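Encoded as structure tokens, the following chain is the form predicted on its own, with no partner shown.
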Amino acid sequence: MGGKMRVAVLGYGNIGKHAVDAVEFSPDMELAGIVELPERLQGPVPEVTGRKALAASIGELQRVDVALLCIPSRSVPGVAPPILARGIHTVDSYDIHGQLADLRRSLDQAARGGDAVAVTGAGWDPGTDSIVRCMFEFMAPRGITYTDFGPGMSMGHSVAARAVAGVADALAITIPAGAGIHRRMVYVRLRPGSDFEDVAGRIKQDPYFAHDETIVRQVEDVTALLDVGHGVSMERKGVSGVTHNQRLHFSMKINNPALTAQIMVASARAASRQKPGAYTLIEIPVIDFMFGEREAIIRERV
């Protein structure tokens, strides 16, 4: 691939805005454009070489090497394959853990058919946290790893709640209870005439919420509660060889959409270095996500 990698951003919501910023601050990339319907725009659209970057479809943009799918997870299985068929790499932040392996398998067929690469689950969990969990496990093969999220806004859960019939707006907050157990607090603004108990029941039955304690509350204004801060704490207590009581810990406090977007942009770089097919982050060499000369990276960071 000669010159800068041309990156399209599909979706201009919370993640999409940060993805545009991350692309523009990456020395090896340039923005090919933003794909979004005008009625869904949130804020002004940046310009590309003196013109608006907005397009209604990826086919309207000039030469695209990689498409960042900054869209709801449930839209990825339908949106990614046609783009891969064009020979364009895709990167998504699909976050439905139990379905990710099956999605990878289906995207692998589409990517190979288009001689392209799909990087799926390219967020922080699943994503970079998955890498840390794997590191923990090969460092202490026997043991248990606990992953505690939050407290903070879950973008995927919020999108899922907004999609429930009768919901005008929603915000899902993840509260860690410890030992990998979580409570989901969901705040909803209802559409006129909607029944709260019916809406709450539908939310609790959704796969995003069905496996956790979920509390749904009705509010007049969801935006008054909005805070995109989030975090994670992972701990493993295990055994290295025959030596017990190995304690491994990782934690971070983050701006959720900004970090997700940055990981997607790094994954776009990694996509250009893989053979055709679909990959999760744990399958890609860490060095492939990084900008710079390979030898220099090894000398400076090993």
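Everything quoted here is computed from the prediction, not taken from an experiment. Heads up: residue numbers just count along the shown sequence, starting at 1.
If you look for the form predicted in complex with a further copy of the same chain, you will not find it shown, but the lines that follow are about it.
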query: In the predicted bound form, R133 touching a further copy of the same chain (heavy atom, 4.5 Å); finding: yes
query: Partner contact for R86 in the predicted bound form: a further copy of the same chain, 4.5 angstroms, heavy atom; finding: no
query: Close approach of T128 to a further copy of the same chain in the predicted bound form, 4.5 Å, heavy atom; finding: yes
query: Residue contact check: K275 to a further copy of the same chain in the predicted bound form, 4.5 Å heavy atom; finding: yes
query: Residues M139, A258 and R301 all lining a further copy of the same chain in the predicted bound form, heavy atom within 4.5 Å; finding: yes
query: Listed residue that, although a further copy of the same chain is not shown, lies within 4.5 Å of it in the predicted bound form (heavy atoms), from L100, V167, I175, V222; finding: L100
query: a further copy of the same chain: the contacting residue among V64, L248, A53, M29 in the predicted bound form [heavy atom, 4.5 Å]; finding: L248
query: Segment that reaches a further copy of the same chain in the predicted bound form - one of 118-126, 214-222, 192-200, 159-167, heavy atoms within 4.5 Å; finding: 118-126
query: Within 4.5 Å of a further copy of the same chain in the predicted bound form: residues from 268-283 (heavy atom criterion); finding: K275, T280, I282, E283
